[in-house]
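Form predicted alone, single chain, as C-alpha cells, below.
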Amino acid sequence: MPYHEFDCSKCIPERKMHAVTKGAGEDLTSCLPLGYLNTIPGTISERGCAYCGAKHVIGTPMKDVLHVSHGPVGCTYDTWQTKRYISDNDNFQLKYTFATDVKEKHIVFGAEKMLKENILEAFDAFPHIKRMTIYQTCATALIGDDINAIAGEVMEERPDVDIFVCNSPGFGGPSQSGGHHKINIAWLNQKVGTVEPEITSDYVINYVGEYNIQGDQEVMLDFFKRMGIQVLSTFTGNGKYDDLRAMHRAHLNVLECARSAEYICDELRVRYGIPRLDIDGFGFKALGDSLRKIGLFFGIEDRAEAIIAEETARWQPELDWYKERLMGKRVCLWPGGSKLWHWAHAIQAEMGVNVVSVYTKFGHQGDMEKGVSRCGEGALAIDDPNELEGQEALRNLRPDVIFTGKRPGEVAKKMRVPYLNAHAYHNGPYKGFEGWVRFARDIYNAVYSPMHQLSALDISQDAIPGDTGFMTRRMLSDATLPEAVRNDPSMRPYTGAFDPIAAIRAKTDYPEFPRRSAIEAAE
C-alpha cells in the first residue's frame, strides 16, 4: 500500500492512511486514501460542517428566498458570500443573509419566540419575497427548538408565504457532505409535489447539482434551450423556490455534481420513476459527450451535434493556443467536491498540464476513486489535509499553479505559488466551450504572471535585476516556443467578452421546435 506520511503529521499516525502516492501500475484497490471518516482529533481540519453543506452549498443559491439561520450570527456570516452564486434577480440571495443571533440567554430559556419574531420581521422587511428557508444550527438543535412548529404557525397566519425547514446542525455528519444529504431528502419530503408546473416542451428536465457559480447554470441553460429542452427547475443555482416544488413532473434528472445532489435524484427515481443521467459541463469532450447523451435519451441527437460542431469550431483554436503554452505545467488540483474528478483528466488531455496532486476535504470514496483513476503516475492524493500538510505538499511538489479555495489559496500565494479559486472562480463562468477557454486563460495568466515571477525574489538577500526591462505574460510564455507555434495563424488567445452572461440573459432567438402533439394533430 503506497501510503504517504507527512513529516508534520508523524505525531498523528492515523493520518498516514489518508494520503497515497499513485505508483506505477497501481489499481484502485491499492492506492485509495481513506475518505469520509470523522475528523481525527488534533489534525486541525479545514472541513466545513453539515450546516455549511446544507445552507452554503445547496440552499443559498435559491434566488427568491429569505435564507434564515436559527443560531449564532457567526454561523450565517461564515456561509455568506464566499461563493459567487449569481442570479438573474439582481443577486438577491448574495446581498442578504439572515440570522436570529442566538445568545447565551436563549440557550438557557429557549429561542422559539425570538425565531417567530424574526421570521415575521424578515417577511415585513422584504414584502416582495414570499418564500423562506430556515436552517438549524448546533446551538438551537441542542436545546430542542421546534423550528417546524414555528414555521407552521407562521404559514397558518400568513397563507401567502411558504417556509422550508432544514434540520441540519453542524454536528449532523462527519463533514459538509452530511448536510448535502439532509437538505436533499428534506426538500423532497417537504416540498416536491406541492406545485404543478406548466409543461411547454416534449423534453423536460431537472438540472440537478448545479449552483450557477458566475453563471455556469445560465451557460448550460442556453445549450438546453437551443436543443428545445425545457428546464423545469435547477437544484439549486439561480433556481426558483416554487419551480423546485415541481421537480416531480420532469422526464429526466440531469445530474452535474453527484457528490452534493445524487440523493434527491435517486429518490425522485424511486418515488416518481424519473431517470437519472450524469453529465459533465467541463471540457470540450466531456461536455460534448454530455449533450450527446441527453440528445440520445430524447431522440434529438442531431440538435446536440449541431451545437457541438458550432461551438467547437468557434473555440477550439483558442483552447489550442493555451494548450501549447501550458504544456507540462504542474498543477495541484485541490478543489474538493466533484471538480476533483470533473477536471483531473480533462485539464491534462485538453490543456496539456500535469496534475501532480488531488485532494478533497469532504469527498467520499467514490470521489477519490474517480479522481485518482484520472490522475497520472506519481500523483499525491490526500483526504482532508490540514494547513501544515498542504504547505509540506507544496514544498515537495513545487507546482506551477494550484486550484483550490480562498483559504488554502492565500497560504499558497505566501509560498509563492499562484492559485486559482476553484470554488468561486477567478473570471468565470468555466462551464461550456467558451468557459473552458476562459479557464485555460486564467491558468495561463496565473502561471505567467510577471508579478509572480518577481515574488520569487527575496529582496532581503537577492540582487534585484535592473536590466530585464518590461515583461509581459506573452514574452514569458513564448520564449521557448518554436517560431512555427508562436506565429501559427490557426490559433489565437481568448476573444470572448468580459461578461458573457449578459448576452445570454438578453438572448431571445431560440429555435422553436413543434410539439409532438401538434404534429400528430396535423397528420
Partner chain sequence: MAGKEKNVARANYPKLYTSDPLAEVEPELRAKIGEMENYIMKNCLWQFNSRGWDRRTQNAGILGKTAQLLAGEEVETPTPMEKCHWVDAVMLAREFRERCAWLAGMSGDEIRAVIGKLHARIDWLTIDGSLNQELTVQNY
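Small disclaimer: the values here were computed from a predicted structure and weren't measured. Numbering follows the first chain given and starts at 1.
Absent from the display: the form predicted in complex with the partner chain. The rest refers to it.
For the options D289, E157, E196, E121, the residue carrying a heavy atom within 4.5 angstroms of the partner chain in the predicted bound form is D289. Taking a 4.5 Å heavy atom cutoff to the partner chain in the predicted bound form, the contact residue among D242, D222, D442, E267 is E267. The candidate spot formed by R47, E387 and H452 lies out of contact with the partner chain in the predicted bound form, as no residue has a heavy atom within 4.5 Å of it. Only one of 22-30, 65-73, 476-484, 460-468 lies within 4.5 Å of the partner chain in the predicted bound form by heavy atoms, and it is 22-30. Not displayed here, the partner chain is approached by Q365 to within 4.5 Å at the level of heavy atoms in the predicted bound form. Contact between Y36 and the partner chain in the predicted bound form is found at the 4.5 Å heavy atom cutoff. Contact annotation: R276 falls within 4.5 Å of the partner chain in the predicted bound form, judged by heavy atom distances.
Taking the partner from elsewhere, C375 is found to have a heavy atom lying within 4.5 Å of the partner chain in the predicted bound form.
In the predicted bound form, the partner chain lies within 4.5 angstroms of at least one heavy atom of each of the following residues of 288-313: D289, R292, K293, L296, F297, E301, in sequence order.
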